[in-house]
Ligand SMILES: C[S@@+](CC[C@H](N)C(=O)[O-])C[C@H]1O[C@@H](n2cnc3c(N)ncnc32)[C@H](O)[C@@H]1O
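Okay, so here's just one chain, in structure tokens, the form predicted alone.
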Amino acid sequence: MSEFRPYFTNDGSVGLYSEEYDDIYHSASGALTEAYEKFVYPVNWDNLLLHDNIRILDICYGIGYNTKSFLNFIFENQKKLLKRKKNLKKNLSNKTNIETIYTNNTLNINNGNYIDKLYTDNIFNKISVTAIDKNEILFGISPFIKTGVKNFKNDSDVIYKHNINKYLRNNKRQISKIENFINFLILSKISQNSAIFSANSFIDEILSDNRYAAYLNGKIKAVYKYLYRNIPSCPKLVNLHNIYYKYLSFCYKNKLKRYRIQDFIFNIKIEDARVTVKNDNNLYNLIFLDAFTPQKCPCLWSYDFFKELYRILDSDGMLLTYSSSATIRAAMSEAGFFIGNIYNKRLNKFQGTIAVKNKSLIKYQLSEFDFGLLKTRAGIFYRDQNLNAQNEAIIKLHEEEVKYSDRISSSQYIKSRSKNEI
């Protein structure tokens, strides 16, 4: 993991700094919190849960925060609703079997309330996730990453280099956590991929390195080591499901049986996301686009890539991303998407972008100012016609187009708007 440097973010979850991109993977203010606020809370749950099958495309899976947050959110709500179902049954004299829980409250996800009309029979067997990342190391360490750490100490070099200490000094910490059960589940899924886990896996080296011990989950490490200690001839962890019943606590055995969460499908793609998407003919209900910043990884933010994403998005699906750049929004719009804002209730501001085919799914419309910005030089998008160009070539082509464009600059546009308003 030499090319990645771990650090704790302000909500007690681990973020990574990339040597290759000289940038941080996750928001220093809270890696897990960001995943919830930009890829889970904005989902139109009432609409999503109507589908017989829920397909999710997680582009740049990384260490899995977006997928794990999605599963964790459903799992936590399932527990709440099943508890209500159990209590309700106790109060019913005829002990009627209740197949569906309908909550009386209006869904307020930011406050952690229940999902309205969430079916409790088994939602997890409806979920299929296709996760893409070029780096198998990130897949491999994703189940071991810690969350919910209250007291932590960081690598001062990373903090100094990227000026993230201002976030970490914030006393208003909102500690967030992924259930261990979700991490056990992810481990069971990715362990069946021979490219990630093999007899000579890099994982053993990482798990035994004291430099990373503070950032890794001891319980998940114990399960992994138990498997290799007891099944030394097994080249991959194909028998992990059986370990639940031999090694895990009664609590987790109960959860596995009750929620049947292991039934969800997890497809791993270790390759360039452009290759996967170009050859994919599935339709997805949700697309999580969490690639590195466009200035450093424009190949996953080009107009041509968004055209492919538009093709594989379901008619009432959603594409969610942290970026609110005019360059990216213009590419989305040109590719055919309707675009809107993602509202962060906790911070009381807009962060990120939602892109859809069905305009009625957009809750927070872009302003007239935002749409005007797309017509400036800031709205000139990246191009990658054959979806195989190097980042450097895409950036150079973009710079040339901006340089010779007759559009006004974004600064001129902002000044003219300010004068008109005055």
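One rule holds for the numbers: they count along the sequence shown, beginning at 1. On a predicted model such as this, the values are computed, not experimentally measured, just so you know.
This next part talks about the form predicted together with this ligand, which is not shown.
S.K.: Please identify the residue among Leu138, Leu216, Ile196, Ile123 with any heavy atom within 4.5 Å of this ligand in the model of the complex.
M.R.: Of the listed residues, the single hit is Leu138.
S.K.: Within 4.5 Å, heavy atoms only, which of Gly30, Pro42, Gly379, Gly64 is in contact with this ligand in the model of the complex?
M.R.: Partner contact (heavy atom, 4.5 Å) among the options: Gly64.
S.K.: Quick one: which of 336-344, 206-214, 184-192, 299-307 gets within 4.5 Å of this ligand in the model of the complex, going by heavy atoms?
M.R.: Partner-contacting stretch among the options: 299-307.
S.K.: Against this ligand in the model of the complex, would Ala291 count as a contact residue? Criterion: heavy atoms within 4.5 Å.
M.R.: Yes, contact at 4.5 Å.
S.K.: Consider His26 of the chain shown here, and say whether it contacts this ligand in the model of the complex, taking contact as heavy atoms within 4.5 Å.
M.R.: Contact check for His26: yes, within 4.5 Å of this ligand in the model of the complex.
S.K.: With a cut-off of 4.5 Å between heavy atoms, is Met332 one of the residues that contacts this ligand in the model of the complex?
M.R.: Because no heavy atom of Met332 falls inside 4.5 Å of this ligand in the model of the complex, the answer is no.
S.K.: Quick one: does Met318 come within 4.5 Å of this ligand in the model of the complex, counting heavy atoms only?
M.R.: Contact check for Met318: no, nothing within 4.5 Å of this ligand in the model of the complex.
S.K.: From first to last in sequence, which residues of 346-370 have any non-hydrogen atom within 4.5 angstroms of this ligand in the model of the complex?
M.R.: Result: empty, none.
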